[in-house]
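In the block that follows, a single chain appears as structure tokens, in the form predicted alone.
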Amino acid sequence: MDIFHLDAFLWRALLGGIGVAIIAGPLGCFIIWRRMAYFGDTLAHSALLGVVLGFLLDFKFNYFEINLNTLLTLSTLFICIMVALLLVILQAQKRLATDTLLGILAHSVLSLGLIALAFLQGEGLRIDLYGYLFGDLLTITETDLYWIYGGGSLILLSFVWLWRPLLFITIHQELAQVEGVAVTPIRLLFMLTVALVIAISMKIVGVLLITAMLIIPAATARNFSHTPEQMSIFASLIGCIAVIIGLFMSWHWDMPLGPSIVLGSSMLFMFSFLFCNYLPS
């Protein structure tokens, strides 16, 4: 595949995938450090409800003629933020562990999404969810790129401000609280950031695979990183390489693009794992 002679839709796919990979890198590092992979899965499940809600609003109440892609992104972001806020509220009680709460929320929002989908189909609206479940990067539009790079710029700027306190909380939350760090607001901002990334990344690898895009490049970078900052940068670079590998496999062997990107990430992880742990130095 000659990168200098790509069609316009392939350029958009490449730019969109790289934009998501750059954003997901540092975010995925904190998800791994804070052992929040299940939280990412919960938000990914809730994204399905957001997609169905967007179709419902477009089908029933879209008086303002908002573009469907924009409406789907906004509705998914709204649902993800509501789930993140609900988790923070529920965490205030001490009876149930966080993983139990996440299990309840994940299955509840997924069930609501499936019920809402059945309701829409009963109304005569047929929705093909394949692209939203597994990604449809080749249909990405310029509006999607604006969402990715506009939202991504806000996320990266917020991370510059959040980096030190969030890292402090991750290392030792009780000590950070004693030192005056606003633990709960910082945790909430981090959760909302994850929600924003999942909402704008939904079209890249799909709601079922977005957590893999967050975790696998960061886990790969962890194998040969020596500082948090180094791991964050490497995670973004590895994510970009995975996007290129996935696009190459999809184009040459007619493979679905979203899963191909995740497969590329997995291949890079296995190579780094074997290289760092089993090959002679």
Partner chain sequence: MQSNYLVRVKNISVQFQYNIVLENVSLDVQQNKIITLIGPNGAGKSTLVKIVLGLIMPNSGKILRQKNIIIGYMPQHLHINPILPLTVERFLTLGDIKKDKIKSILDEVGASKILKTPLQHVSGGEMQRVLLARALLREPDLLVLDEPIQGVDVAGQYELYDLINHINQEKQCGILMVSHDLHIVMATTDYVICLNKKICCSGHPTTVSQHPDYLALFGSKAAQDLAIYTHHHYQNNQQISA
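Numbering follows the first chain given and starts at 1. Being a predicted model, the structure only gives us computed values, none of them experimental.
Same protein, other form: the form predicted in complex with its partner chain, not shown, and the subject of what follows.
The partner is absent here, but in the predicted bound form a heavy atom of 179, alone among 128, 142, 99, 179, sits within 4.5 Å of its partner chain. Residue 168 is the only one of 78, 149, 168, 134 with a heavy atom lying within 4.5 Å of its partner chain in the predicted bound form. Here the chain stands alone, but in the predicted bound form its contact with its partner chain, taken as any heavy atom within 4.5 Å, falls in 227-235 among 227-235, 51-59, 37-45, 249-257. Taking non-hydrogen atoms only, residue 107 never approaches its partner chain to within 4.5 angstroms in the predicted bound form. In the predicted bound form, none of the heavy atoms of residue 118 sits within 4.5 Å of a heavy atom of its partner chain. Although the partner is absent here, residue 163 sits close enough that one of its heavy atoms falls within 4.5 Å of its partner chain in the predicted bound form. In the predicted bound form, its partner chain lies within 4.5 Å of some heavy atom of residue 32.
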